[in-house]
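Quick setup: one chain, the form predicted alone, written in structure tokens, and binding and motion questions come after.
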């Protein structure tokens, strides 16, 4: 039987429903294929995947915060570690490694040796500019923006292009002040 996308440890994600990994992978592939059909330029497909991911991340962060049983992160380093160890495990059943920190701790890489989105995928020559998993960059950017961190997120290594790992580069652009939806008039 194929692995599910839900970690087996109930302490990590006690109420996440199981999704068949093959169904998830094939559905994502169908979405990417449809975008390739709808848009002429590969770069536009990359933008659409990022936008879709951003919208997913902006909503997914609520689910993550409600179910992950974590405290507020104190800085970008701690946030990156939580994403790598808890977020990826909770939603994709993989763990990332945080590496390649910049001297000012404003930029790092998330290294994935396994990525369930690319099972059964081979990029044809005509799609070599496609960032097939760009939806993950959008998810990270959207989720981080909802917790007041404006970031730039992009793939710098991709196993579909012959690299040995998937490497997502995250750069903190701004720590935004927290905004509350209402004012206390007391």
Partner chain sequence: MIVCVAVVGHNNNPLYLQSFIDDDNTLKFHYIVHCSLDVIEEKVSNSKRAGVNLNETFLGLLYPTEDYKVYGYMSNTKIKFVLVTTDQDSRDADVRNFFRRLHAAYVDAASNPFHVPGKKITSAVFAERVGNIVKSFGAPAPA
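Bear in mind the structure is a predicted one, so any value in this text is a computation, not a measurement. Residue numbers count along the first chain shown, from 1.
Missing here is the form predicted in complex with the partner chain; even so, the following discussion is about that form.
- Contact annotation: residue 122 falls within 4.5 Å of the partner chain in the predicted complex, judged by heavy atom distances.
- Contact annotation for residue 132: at least one heavy atom lies within 4.5 Å of the partner chain in the predicted complex.
- Remark: residue 26 counts among the residues lining the partner chain in the predicted complex, judged by a heavy atom distance of 4.5 Å or less.
- The closest heavy atom approach of residue 56 to the partner chain in the predicted complex falls outside 4.5 Å.
- With the partner omitted here, the residue from 36, 65, 146, 52 that has a non-hydrogen atom within 4.5 angstroms of the partner chain in the predicted complex is 36.
- Between 150-158, 28-36, 136-144, 66-74, the stretch whose residues reach within 4.5 angstroms of the partner chain in the predicted complex through a non-hydrogen atom is 28-36.
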